[in-house]
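The chain below stands alone and is given as structure tokens, in the form predicted on its own.
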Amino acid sequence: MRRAAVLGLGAHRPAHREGNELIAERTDSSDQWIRERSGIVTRGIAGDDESVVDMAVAAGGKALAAAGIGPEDVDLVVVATCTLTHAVPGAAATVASALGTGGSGAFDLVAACAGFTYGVGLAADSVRGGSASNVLVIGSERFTSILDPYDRGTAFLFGDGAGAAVVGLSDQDGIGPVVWSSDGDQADVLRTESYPPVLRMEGRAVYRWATTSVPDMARRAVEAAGLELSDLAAFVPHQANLRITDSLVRSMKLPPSVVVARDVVDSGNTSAASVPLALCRLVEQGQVRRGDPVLLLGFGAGLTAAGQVVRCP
């Protein structure tokens, strides 16, 4: 029986950082107001040479190097993003060519903040089913392309960046069953409007959904992996807002032994990129080790959510 695991991770964080002060001036708020509502202190802002594709290529290349495979070994490239400002073409085929995968399969996945965890689930199934041996899954977002810098409800929340993972054949299964859900009745609470697209959000509705519906799905993902919450080494939720993360931890009654990713403080909400970026940071800081079970959980616009337990590469 074919088994799948995460073989390597990669991250791209823009060099330019933006603190709360300038945003506070534009939105008639304050650094304290922003920190109290989101926990965010700073976020990455993409430069002119850091498009969704550029950042995806950078993160994807690092993931391939970490996995110890060449681009020619990649059978499929999946790019999760919701911040392209055009519908056609998508990002994935361009990313695949830039990396030199030699004509691999490629497609975009639009599930917003749950895009990466949806992608990992699909990649694992592709490897187990024999459609691919190595799948590169990338979350890449450039929110500065779709934000209204004067919108008090969104301007302070989002940042830019990309994170990636190689999902491939392994001697042991390192990716648990994916658990996913959607609620299209609330699709309008987080959406883009007009052209060029501009992001709009009903923050209270998103907060209420995330804090009431997502904890149960997290528990089901851990159960599907045959584990207890106390077995986890770390919890990496979508980095939407520090208040949401802390509420999830309380609702799930996570034991103190479980490390909780709080990358949102320094990166802001990077949507599909947030889970891989946060996981990369835990690995880089030595807070998780090879083989540790980590719960990944993405949730956001759609409304969509997906999660699974993975073993750290």
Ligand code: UT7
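All residue numbers are counted from 1 along the displayed sequence. Bear in mind the structure is a predicted one, so any value in this text is a computation, not a measurement.
Omitted from view is the form predicted in complex with oxa(dethia)-CoA (UT7), to which the following refers.
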Query raised in the report: oxa(dethia)-CoA (UT7) in the predicted complex: within 4.5 Å of a heavy atom of each of 6, 230 and 291?
Result: no
Query raised in the report: Which one, 71 to 79, 160 to 168, 199 to 207, 130 to 138, holds residues whose non-hydrogen atoms are within 4.5 Å of oxa(dethia)-CoA (UT7) in the predicted complex?
Result: 199 to 207
Requested in this report: Find the only residue in 90, 215, 177, 153 having a heavy atom within 4.5 Å of oxa(dethia)-CoA (UT7) in the predicted complex.
Outcome: 153
Report task. Consider residue 190 of the chain shown here, and say whether it contacts oxa(dethia)-CoA (UT7) in the predicted complex, taking contact as heavy atoms within 4.5 Å. Result -> yes
Query raised in the report: Wondering, does residue 37 line up within 4.5 Å of oxa(dethia)-CoA (UT7) in the predicted complex on heavy atoms?
Result: yes
**Report entry** Contact test in the predicted complex: residue 251 vs oxa(dethia)-CoA (UT7), heavy atoms, 4.5 Å
**Finding:** no
Requested in this report: Answer yes if any heavy atom of residue 28 is within 4.5 Å of a heavy atom of oxa(dethia)-CoA (UT7) in the predicted complex; otherwise answer no.
Outcome: yes
Query - in the predicted complex, residues of 103 to 128 near oxa(dethia)-CoA (UT7) [heavy atom within 4.5 Å] - result: 113
